[in-house]
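First, one chain by itself: the form predicted on its own, in structure tokens.
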């Protein structure tokens, strides 16, 4: 069963990101939005973002939320595909289950 995971909180706000990534399967996808886009950074505290680099599913971040927080596309993990909110909605309709991690 394909699951779309959504994360809207900063990785510093709790363990939602770690819990989500531990359950993400290859046929899953993760959308980072609102403060969740901070998890898309390629380097956190000057270290590579190993959790995202090892992730074996599709990874998206909402462009408007990245821009609103001053995150440049070049600072994001290479696995992250930027999407807009209409694409977010389209992805929600494509997956069997949507799991919100908030």
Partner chain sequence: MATKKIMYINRATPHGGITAKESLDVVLISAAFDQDVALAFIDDGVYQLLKGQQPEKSGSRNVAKSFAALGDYDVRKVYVEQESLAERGLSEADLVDLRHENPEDDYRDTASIRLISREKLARLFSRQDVLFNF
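On a predicted model such as this, the values are computed, not experimentally measured, just so you know. Numbering follows the first chain given and starts at 1.
Not pictured, yet referred to below: the form predicted together with its partner chain.
A heavy atom within 4.5 Å of its partner chain in the predicted bound form is found for one listed residue only; from 83, 13, 24, 91, this is 13. In the predicted bound form, its partner chain sits within 4.5 Å of a heavy atom of residue 38. Remark: residue 67 counts among the residues lining its partner chain in the predicted bound form, judged by a heavy atom distance of 4.5 Å or less.
In the predicted bound form, its partner chain stays beyond 4.5 Å of every heavy atom belonging to residue 54.
Although the partner is absent here, residue 44 sits close enough that one of its heavy atoms falls within 4.5 Å of its partner chain in the predicted bound form.
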